[in-house]
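Given as structure tokens, the chain that follows is alone and in the form predicted on its own.
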């Protein structure tokens, strides 16, 4: 190849890829506003609470922060808001083993912080981080899940509860719950947790159909 041809290849090749870069940049900038919901006054106030208590000193959001405590990017998808509010105000009242100290966060501040975290959770992160595969937790890897097991997964129960060593630790371990509780207790607890455990932060599932509640109860009874 002659020097002239090599020079032309370099110049036109560089121009071609520069144009591609410009097109991709404009395309990305056009899509960015659609990847996050509108910022409201409540969300902004929640962000101020996040900074006031230096939450980023222990937690991460969208990859930024410290790795001492759990990532908070999708926390409102994993935990009920009632649980989060009580935990923020008094962590050890919800989980005695919690490392997070009691900062004196007020009820109003907790609600604003949850609004901010809820906004963060709705930011489109292209599916990252991936959700865990929980078939093993159901104890039926390689077999079709029952209706109750599918409900357990779809309702996000594993975010708080553990079965066979897989799941969250903020709620009781359910590995052998069928040996500890009877059908009537489990069914009623699903509908109205506070009627059975007054200080419970578990949300009620009274909106489920009678059949769905029975399916979920069947699954719990089978865990022995």
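Residue numbers count along the first chain shown, from 1. Remember, predicted model here, so these are calculated numbers, not experimental data. Think of the rigid core as the biggest set of C-alphas that the two forms share within 1.5 Å after superposition.
Below: the form predicted in complex with heme C, not depicted.
At a distance threshold of 4.5 angstroms between non-hydrogen atoms, residue 167 is out of contact with heme C in the model of the complex. Residue 172 belongs to the set of residues with a heavy atom inside 4.5 Å of heme C in the model of the complex.
Under a 4.5 angstroms non-hydrogen atom cutoff, heme C in the model of the complex has residue 72 among its neighbouring residues. In the model of the complex, at least one heavy atom of residue 100 sits within 4.5 Å of heme C. In the model of the complex, the residues of 176-202 lying within 4.5 Å of heme C by at least one heavy atom are, in order, 177, 180, 181, 185, 186, 189, 190, 193, 197, 200, 201, 202. If you fit the rigid core between the shown form and the other one, you'll see the Cα of residue 168 move by less than 2 angstroms. Relative to the superposed rigid core, the position of the CA of residue 201 differs between the shown form and the other one by less than 2 Å.
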